[in-house]
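First, one chain by itself: the form predicted alone, in structure tokens.
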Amino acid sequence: MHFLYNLAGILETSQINQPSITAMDLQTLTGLFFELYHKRDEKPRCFFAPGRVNLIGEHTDYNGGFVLPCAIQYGTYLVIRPNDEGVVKLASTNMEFRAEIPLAELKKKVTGQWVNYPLGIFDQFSQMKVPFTGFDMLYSGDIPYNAGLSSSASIEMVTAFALAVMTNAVELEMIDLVKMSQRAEHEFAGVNCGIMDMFVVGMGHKDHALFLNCLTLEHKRVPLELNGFKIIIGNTQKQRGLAESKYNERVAECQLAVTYMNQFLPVSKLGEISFMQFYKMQENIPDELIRKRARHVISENQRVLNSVSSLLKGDILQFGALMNASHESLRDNYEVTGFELDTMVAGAQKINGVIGSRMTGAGFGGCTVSLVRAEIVDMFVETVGREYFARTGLKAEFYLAEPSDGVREISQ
């Protein structure tokens, strides 16, 4: 279950959707905060965490592999103020459900509700014995609903960063907040996710992608010089629930592949195996299905390495070709795409001026990411949207993704 963002005034498929909240709206958001919590003489603080789009490197993160995501301009705002009531008060402009939870009950999950994401963070802070007396909290977000753009990580990271600042937990560095957020996702949301989402939400940088080794957490910024191309996210509107999907099944299949390979090569994650090692040893995996899962992860790792090299050389065409190859492997080897994603990607790839298109996120619905020449963006959106609707009966949405900075406090 992801945070259910409810965008008002959705545009037609022939247009690019824009964020529904900007810095100019913070005064309005603060006004809503005071309507909820009163005490207008006690000023709150405002924090923001972005969503993310993964450009390439899919289903490699939990396998200790390489990823290349970037933070985007859509995200989650949190207006927060301490209280001395011994209660954490949680509300959202996007959801009707609200909660007032005594500190002693913060470890309890609220079945089926968005508040489990911040509650997971409070639980992490409690485990670390970070003291606090209570908080008034109002969330507001513009990440498209159920699109696989990391709304949950955005909520977790904005909560973790805000609590670290508000409690003056100076011993906590950004990497600590990232790891806390991943543990919260595992323990409260029940999703065995990798660390990529939280990492780029925390450490994203404007006009850059983030090259991350998910095994060692080594990382570096990679300039995104797109040379006249734009990053367009296409939302299939195919509903997907990550925890209920086959995500955890793929995790288990990859672990089985490691078990097979470990008889001949001492590894703990598929990400430790090079493409050439796998090519020579793949027949040691007797199950063809498990072999295909491993083939995707290990070849995808190599595609990420090649993508970083291409971007550093300014070879955007080669990067686009690698995106196309990534989708093919996700479709044929990892089998996490489905009719809707394949239909949208195929429609994008046949347009002159689109150099790369692939699914992004966990799959089974959600979004695509495409590199589209700037001057044909409107035509791309109209054409792909029309053909996609004709084949699926679903009305796609499209978003222009701007590589952005990570979690931060916003001055009002």
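For every residue, the number given is its place in the sequence shown, counted from 1. Bear in mind the structure is a predicted one, so any value in this text is a computation, not a measurement.
FYI, the form predicted together with a small molecule isn't displayed, but the following is about it.
None of the heavy atoms of Ala209 is located within 4.5 Å of the small molecule in the predicted bound form. A residue is said to contact a partner when one of its heavy atoms sits within 4.5 Å of a partner heavy atom; Tyr260 fails this definition for the small molecule in the predicted bound form, lying far away. Remark: Phe48 does not count among the residues lining the small molecule in the predicted bound form, judged by a heavy atom distance of 4.5 Å or less. The small molecule in the predicted bound form comes within 4.5 Å of no heavy atom belonging to Gly338.
Shown here without its partner, the chain carries Asp197, Tyr247 and Gly361, all of which come within 4.5 Å of the small molecule in the predicted bound form through at least one heavy atom. This chain lacks the partner; the member of Cys193, Ala164, Cys254, Leu138 within 4.5 angstroms of the small molecule in the predicted bound form by a non-hydrogen atom is Cys193.
Only one of Gly365, Pro44, Gly64, Gly57 lies close to the small molecule in the predicted bound form, with a heavy atom inside 4.5 Å, and it is Gly57. Heavy atoms within 4.5 Å of the small molecule in the predicted bound form map, among the stretches 49 to 57, 340 to 348, 30 to 38, 377 to 385, onto 49 to 57 alone.
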